[in-house]
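Below, in structure tokens: the form predicted on its own, a single chain.
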Amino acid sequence: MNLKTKINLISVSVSLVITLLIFSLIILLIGQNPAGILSIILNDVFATGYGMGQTLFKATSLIFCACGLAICFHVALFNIGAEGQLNAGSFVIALVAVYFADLPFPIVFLFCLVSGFIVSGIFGLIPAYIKIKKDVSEVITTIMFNFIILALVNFFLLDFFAVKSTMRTEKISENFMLTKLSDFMPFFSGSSLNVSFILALAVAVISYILIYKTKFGYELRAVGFNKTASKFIGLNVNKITLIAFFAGAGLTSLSGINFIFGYKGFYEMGFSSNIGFTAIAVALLAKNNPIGIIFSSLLFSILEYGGLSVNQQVPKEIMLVVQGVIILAILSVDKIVNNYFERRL
């Protein structure tokens, strides 16, 4: 085990322990038993196939989105626009699936993947271009683009494409719906878990290989580590940044595949439920490592789904506090652990 991996493992482990202690303290302050609440959450998630299936279903969209953000973060730029980007791509995916219903499923599915990826990617490309040309903070532009994109999507949805008296598109063909894992794994019976979970795992593995095992991935990380030095060794920093934001934003659109093809069968206003923002926390907890993102996505999904089972005893806002504490803990502990090992060397 190399030193960097060791530091990351120690940092994450200590952060989770601190989070658990703070969570227990908060539960005590509201007059509940921390062990009892934690037991209910874990039982609801792991004691039944339905609970595990729903948790993995929620994790699927987070994996897609967080992997996209990780690519952006590796060039040391903070993309906070995933919520808007994934909605734009998902909206287009639903429309393509509806209006090309006469074509064979493989062609339509591929067309949906490509069109959604391109639309989301373009909305990631614009803030990156503004950053390069005008040096405007990508944090500001991506936040503002969330509002712009969501307003545009909602306008086109409600004025042109929504089913009458609803806030959703038409339903795609039943023949286009992805297979649920419960169809060949009865253990997950009743859950929404579908084969897009397998696609999400594949995306995480491919993202890992891209970032850590390819020439482009090396260049990506080099730019994120030191832009000035990257220019001196001949890297086109601007080009790499644009590619990273286009590819990263494009990947967020795949979250819509899980919802549209695997669950509801249509795009619905507000379907994302802030997945784009939660994915930021997921990527940060995993240190932008796509394999780590699989596990951090599971953690946040456990908190979200398990939190529903204790709503009567614990306000849902407490789970949001826990998510925030995890991020604060990982950022602060990471600095402390790094300083400790630097002094030891």
Partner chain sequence: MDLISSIVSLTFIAQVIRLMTPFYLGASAANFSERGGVINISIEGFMNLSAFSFAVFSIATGSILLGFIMAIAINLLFSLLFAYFTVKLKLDQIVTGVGFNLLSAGITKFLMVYIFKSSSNTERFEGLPDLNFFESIPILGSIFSDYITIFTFALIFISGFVLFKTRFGLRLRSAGENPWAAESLGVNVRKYKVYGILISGFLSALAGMWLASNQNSYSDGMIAGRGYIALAAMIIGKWKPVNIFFACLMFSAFEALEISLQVSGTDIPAQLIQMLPYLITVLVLIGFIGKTRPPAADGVPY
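Residue numbers count along the first chain shown, from 1. In this text, the rigid core denotes the largest set of C-alpha atoms whose superposition between the two forms falls within 1.5 Å. Here the structure is a predicted model, which is why all the values come from computation and not from measurement.
Although not depicted, the form predicted in complex with its partner chain is the subject of the following passage.
Chemist: Residue 13 versus its partner chain, in the predicted bound form: is there a non-hydrogen atom within 4.5 Å?
Modeler: Outside the cut-off, so no.
Chemist: Is residue 331 part of the interface with its partner chain in the predicted bound form - any heavy atom within 4.5 Å?
Modeler: So residue 331 counts as contacting its partner chain.
Chemist: Does the 4.5 Å heavy atom contact test between residue 336 and its partner chain in the predicted bound form come out positive?
Modeler: Contact check for residue 336: yes, within 4.5 Å of its partner chain in the predicted bound form.
Chemist: Quick one: does residue 20 come within 4.5 Å of its partner chain in the predicted bound form, counting heavy atoms only?
Modeler: Looking in the predicted bound form, residue contacts with its partner chain do not include residue 20, since no heavy atom lies within 4.5 Å.
Chemist: Pick from 52, 298, 41, 318: which has a non-hydrogen atom within 4.5 Å of its partner chain in the predicted bound form?
Modeler: Comparing distances to its partner chain in the predicted bound form, the residue within 4.5 Å is 318.
Chemist: Tell me, which of 188, 246, 145, 261 has a heavy atom within 4.5 angstroms of its partner chain in the predicted bound form?
Modeler: None of the others qualify; the residue that does is 145.
Chemist: The chain here is shown without its partner chain. Which stretch in 41-49, 301-309, 25-33, 61-69 comes within 4.5 angstroms of it in the predicted bound form, by heavy atom distance?
Modeler: Single hit among the candidates: 25-33.
Chemist: Would you say all of 119, 197 and 242 touch its partner chain in the predicted bound form, counting a heavy atom within 4.5 Å as a touch?
Modeler: Answer is no for this spot.
Chemist: With its partner chain taken in the predicted bound form, which residues across 282-311 come within 4.5 angstroms through any non-hydrogen atom?
Modeler: The stretch touches the partner through 284 alone.
Chemist: Kindly check if the Cα atom of residue 36 is displaced 2 angstroms or more between the shown form and the other one relative to the superposed rigid core.
Modeler: Comparing the forms between the shown form and the other one, which are aligned on their rigid core, residue 36 does not shift its C-alpha by 2 Å or more.
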